[in-house]
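Form predicted on its own, single chain, as structure tokens, below.
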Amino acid sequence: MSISARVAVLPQTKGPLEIIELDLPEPGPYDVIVKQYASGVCHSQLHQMHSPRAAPLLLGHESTGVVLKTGSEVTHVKESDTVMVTWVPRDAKQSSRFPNIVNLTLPNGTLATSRNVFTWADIVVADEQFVVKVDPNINREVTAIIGCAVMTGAGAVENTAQVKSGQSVVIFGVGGVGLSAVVAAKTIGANPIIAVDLDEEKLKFAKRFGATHTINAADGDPVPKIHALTSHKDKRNIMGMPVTGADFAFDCIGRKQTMEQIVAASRSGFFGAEPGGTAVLVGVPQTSVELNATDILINEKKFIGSIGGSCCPDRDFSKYLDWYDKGLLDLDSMVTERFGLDQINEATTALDNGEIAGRAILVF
């Protein structure tokens, strides 16, 4: 018997998201059908909404739910299991195949496409590689953002950069991803942890999650202020000046200005003794970037990318759930807005207007 789902679909032409009811196909060998509890509303979906598209789009890529059906080759989950849906393969190293991308045929015969998964729907179908089994006793709502926001921000600090206790960190942009980076930096023991944003309320919010210092970039260039907070008077750079700058600078926004600022904010090298700091791009870039090659060369700085926090969901999701249980990761405070599926356009508009202090979720 077919399963009927209500799915948010972004039309190929300009216009708001539409809620369409359709019958999901029977699961293929590697498919899992999941009834949703909650889904995150991620800023990266705005980039998709504002970009040209060749077909209608299915959006959303982080959620919690319960398994309704599985394909014949699915072995790690079964009906009634509590799961998280994410957009990163749960253990790419152990998989011998590339996951299937799910597309749906709409009632009018048009094919709606997804990047890999979709979670803005009350029931979804996903390749088993994007489905992670979790404890059935989890908070079914706020933990939905682990599948993107938390793993992207915290993973960038832990996995990509491998920040160590006592190292200095600056984080540009303290929405859901940036706040998760702050939490990971605090858990590791980084110091100082500097939050940079244009919104004073978001900066105050970041202090609740572990930021030791905040800088409002609306008041001027934050880079000199970062260097003033991260001076090593006992070390000298190639010019004989005291070493300053953050050991790690994370851009959780992806704008041209912030991508360039994280390099400038990174620590200069200790001449002849140790290399400079690392700038980490976490936010999805929408423009090209011009980097100061002389600064990178002379101060031996690094500019690296972090996609999905370099996470292995099978390994990392249980850890982030444990952080939540222990009070290290305050998801209850981080999730600041809840919407129903029929309010999806309200949710995306609020996010686009900068009205979401932390993270918004859809609750089904």
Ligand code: PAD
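For clarity, every value in this text was computed on a predicted model and none was experimentally measured. Throughout, we count residues from 1 along the sequence that is shown.
Just so it is clear, the following notes concern the form predicted together with the ligand, a form of the same protein that is not shown.
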Can you pick the one in V174, A121, V263, A190 that has a heavy atom within 4.5 Å of the ligand in the predicted complex?
-> V174
Contact assignment for the ligand in the predicted complex, among L229, V289, L198, A92, heavy atom within 4.5 Å | L198
So, C148, T258 and I307: all three within 4.5 Å of the ligand in the predicted complex by heavy atoms, or not?
-> yes
Does V170 make contact with the ligand in the predicted complex, using a 4.5 Å heavy atom cut-off?
-> no
With the partner left out of view, is L351 within 4.5 angstroms of the ligand in the predicted complex by any non-hydrogen atom?
-> yes
Should K302 be classed as touching the ligand in the predicted complex when contacts are defined as heavy atoms within 4.5 Å?
-> no
Is I238 close enough to touch the ligand in the predicted complex, meaning at least one heavy atom pair within 4.5 Å?
-> no
So which stretch, 40 to 48, 63 to 71, 25 to 33, 321 to 329, is the one near the ligand in the predicted complex (non-hydrogen atoms, 4.5 Å)?
-> 40 to 48
Out of 227 to 255, which residues reach within 4.5 Å of the ligand in the predicted complex, heavy atoms considered?
-> C252, I253, R255
